[in-house]
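Take a look at this single chain in structure tokens; it is the form predicted alone.
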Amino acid sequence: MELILEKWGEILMTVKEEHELTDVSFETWLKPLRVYNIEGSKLYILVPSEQMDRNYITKRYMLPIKVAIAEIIGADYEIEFILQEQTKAIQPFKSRNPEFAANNEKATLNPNYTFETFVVGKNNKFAHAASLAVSESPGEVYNPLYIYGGPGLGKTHLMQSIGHFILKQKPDKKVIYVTSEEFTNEVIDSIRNGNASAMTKLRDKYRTVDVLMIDDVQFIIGKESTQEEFFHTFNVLYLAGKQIILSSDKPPKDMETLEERIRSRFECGLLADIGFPDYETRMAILRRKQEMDGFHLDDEILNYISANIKSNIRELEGALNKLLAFSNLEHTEITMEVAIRELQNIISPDKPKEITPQLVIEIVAEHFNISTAQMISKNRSSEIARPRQIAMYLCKNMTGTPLEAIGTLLGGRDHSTIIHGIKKITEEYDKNENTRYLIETIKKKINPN
């Protein structure tokens, strides 16, 4: 319910865009609607004015809203539109923790990244235990907590799990999760504005929090102004007893350009590494994911994936996503023969790692905290359209895939749409420093070597 309330505006805008509603229709029929409550699998939506035709709304908009909710939230609800007079018989939804809902949104946390969905194995047991300890006593033990490991091993998942746990236990806490790219862009924008109020606003945002999480901190290193701002922010929070959590692809001692004053601060807390998952952990991850997706494959197929993808959880889950997408699009059962054929570009045990369009799409989606299903959907909101165009640009520049094939992978989009997307991002890359930094950051995630 909290998630539907949070995403309600996006759900309505998706209906508007996908069904090409005029502004008048949207303002008249959709914008006034309010989520009232959920009972079991039924979602009650309040039609606030008796002048609005409930029968027309039900006939015209019930299915589009239902589809948009399933696409954005990932859950299927029966929908009933109710009038004000019917609310007496139905209890309104009351958030058990309204502060938690508000603070959770401000923290920019992915609702799927919680301790409950994190699979613990030998490779991450220590990092998981340290993260849980920090969650239970923020600012008191292991400060800063520095989690490091290769790409796609679960660092972001663990960091955001800490944020969710703290906000659930103490909803009044101010928690911020930010990527190094976002932090850098905010510093650049504040400097570019050239006034004291912009920098003061930035410092108020980051130096008054209870918990600060910065992902991929290695990308800050070497950027003089950003590194300086980060150093002073770190000091202010640390001296105030506030919790700092950082992630990186390597330990501080392996960062050649890291200043000694920053290295010493990274190392004064706890360093927790995440290694490659063993076979049992990989199988557990696949089983958990297919359970969450409501998708079932024979153990023989899961074993095939686990035995061949050993060093990256993102690729492991990506292989499962590809089979799920193929099954949904082709309406066919996934057999061992189908799995081997469809995963041949992902599973190449005896060949160097190949950068495929599918890998690019998955990493771009993860970077922007959206799903691959949203990437290939008809959703044209800016939150989805821009990542989609960036995926088009990177697919073209990093894989050399034909434009028609890129369009097919991104939901059957035509040749002209792909050209437009690539051209737009190319122009932004050439003119905008923030876009250039964003693209280079994602490229490093795709190909860390």
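Nothing here was measured: the structure is a model prediction, and the numbers come from that model. Note that residue numbering begins at 1 and tracks the sequence as displayed.
Quick note: we don't show the form predicted in complex with a small molecule, though the next part is all about it.
Residue contact check for residue 117: one or more of its heavy atoms lie within 4.5 Å of the small molecule in the model of the complex. For residue 272, no non-hydrogen atom is located within 4.5 Å of the small molecule in the model of the complex, even though that partner is not displayed.
Interface membership of residue 153, defined by any non-hydrogen atom within 4.5 Å of the small molecule in the model of the complex, is confirmed. In the model of the complex, the small molecule stays beyond 4.5 Å of every heavy atom belonging to residue 223. With the partner removed from view, the residue among 157, 367, 164, 322 that has a non-hydrogen atom within 4.5 Å of the small molecule in the model of the complex turns out to be 157.
Scanning 287, 173, 203, 314 against the small molecule in the model of the complex with a 4.5 Å heavy atom cut-off leaves one residue, 314. Of the candidate stretches 296 to 304, 230 to 238, 109 to 117, 375 to 383, only 109 to 117 contains residues with a heavy atom within 4.5 Å of the small molecule in the model of the complex. In the model of the complex, the Cα atoms of residue 289 and residue 72 sit 3 Å or more nearer to each other than they do here.
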